[in-house]
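The chain below stands alone and is given as structure tokens, in the form predicted on its own.
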């Protein structure tokens, strides 16, 4: 009974340190506050949307192996209220983050990228995701409900990625960009789940709440989605590089230039190459330290991926992350730890599927 207050106090202390660092950075570089709020908001949205996707897929397929772990993906959407606050701060208080708010766009693009319509769409996305989270956590949730949630996530996730990230460069378009970002969301959510399960296993090594088989299955899913993300990354980059159209290649010309090149390719190393090496063999999937390192690498790589998407366009004064970015990143870690603080109270994995449902009064 004394462990929970100690854990909560540690998270709060960590969050306070992150807040102090972030505030100091914001006072020194106020022009970078908008992009940092956007990055943090999208990162939290990614964890929530990826977790909803995982839960819906498990429900549609009737998977029983993950029943005892459902607490984790059911808890991650709790980041959506915080993400909503952060994103609304960007849209309302820092509209200059998006160049199209000060540079008038013509034609259909101008209609689509109008602030009232943009904010209304964003509110709709966030509202639908919160509703989806409520529907999936209801005891009467069915595979039909889950299938509907998957359809909603596919459409809104693609649109949100285009609105919030691709419109930072309104003259640049990519038909695969929304899918690429959505898969990145799923990768980050699975990594967060795996890291949480490793933490549960370390705290209770003799317990049965997380089995070795479940850890291995989660690691396999992380490897698979990471490879899918890398494939999409390569397809988008290779096709644009090969055709070398000026209206398309500008996006990568900036990010592969001298200033941003290291961070651009470090994203691939952290989000795919390192997890691929660590999790490809059976031995890596049996060692908790290796699993934790792979999951943490993906989470850091996902943050860096969003950083490279956002900052080369809206904050060109500094390439490497500074004090504000460090504080915001630590704050994201504290937020995730706070949301997942009680997920070590998982169900016995033997009480899954039909057996668990039949045992309920």
Partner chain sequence: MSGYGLLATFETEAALVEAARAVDSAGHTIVDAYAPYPIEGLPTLAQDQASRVGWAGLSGGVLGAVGGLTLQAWTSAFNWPLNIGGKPQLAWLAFVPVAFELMVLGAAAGVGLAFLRLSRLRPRWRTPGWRDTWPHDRFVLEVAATGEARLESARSLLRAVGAVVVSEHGNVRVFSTPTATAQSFRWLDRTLIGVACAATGVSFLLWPDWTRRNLAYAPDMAVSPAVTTYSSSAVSEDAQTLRAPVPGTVPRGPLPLHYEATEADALRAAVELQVPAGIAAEPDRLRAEKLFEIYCQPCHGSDGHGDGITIKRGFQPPPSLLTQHARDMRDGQMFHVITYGQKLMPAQASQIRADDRWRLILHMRRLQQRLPVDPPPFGSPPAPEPPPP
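In this text the structure is predicted, and so the values were computed from the model without any measurement. Numbering follows the first chain given and starts at 1.
The form predicted together with its partner chain is left out here; the points below concern that form.
- The three marked residues, 91, 121 and 140, fail to reach its partner chain in the predicted complex, with no heavy atom of any inside 4.5 Å.
- Within this chain, residue 247 is remote from the site of its partner chain in the predicted complex, having no heavy atom within 4.5 Å.
- Contact check for residue 282: a non-hydrogen atom falls within 4.5 Å of its partner chain in the predicted complex.
- Within this chain, residue 158 is remote from the site of its partner chain in the predicted complex, having no heavy atom within 4.5 Å.
- Residue 216 belongs to the set of residues with a heavy atom inside 4.5 Å of its partner chain in the predicted complex.
- Site annotation in the predicted complex: the residue of 172, 234, 252, 112 reaching within 4.5 Å of its partner chain with a heavy atom is 234.
- With the partner omitted from this view, the residue of 108, 262, 238, 289 that lies near its partner chain in the predicted complex is 238 [heavy atom within 4.5 Å].
- Note on the interface: of 274-282, 181-189, 146-154, 79-87, the segment with non-hydrogen atoms within 4.5 angstroms of its partner chain in the predicted complex is 274-282.
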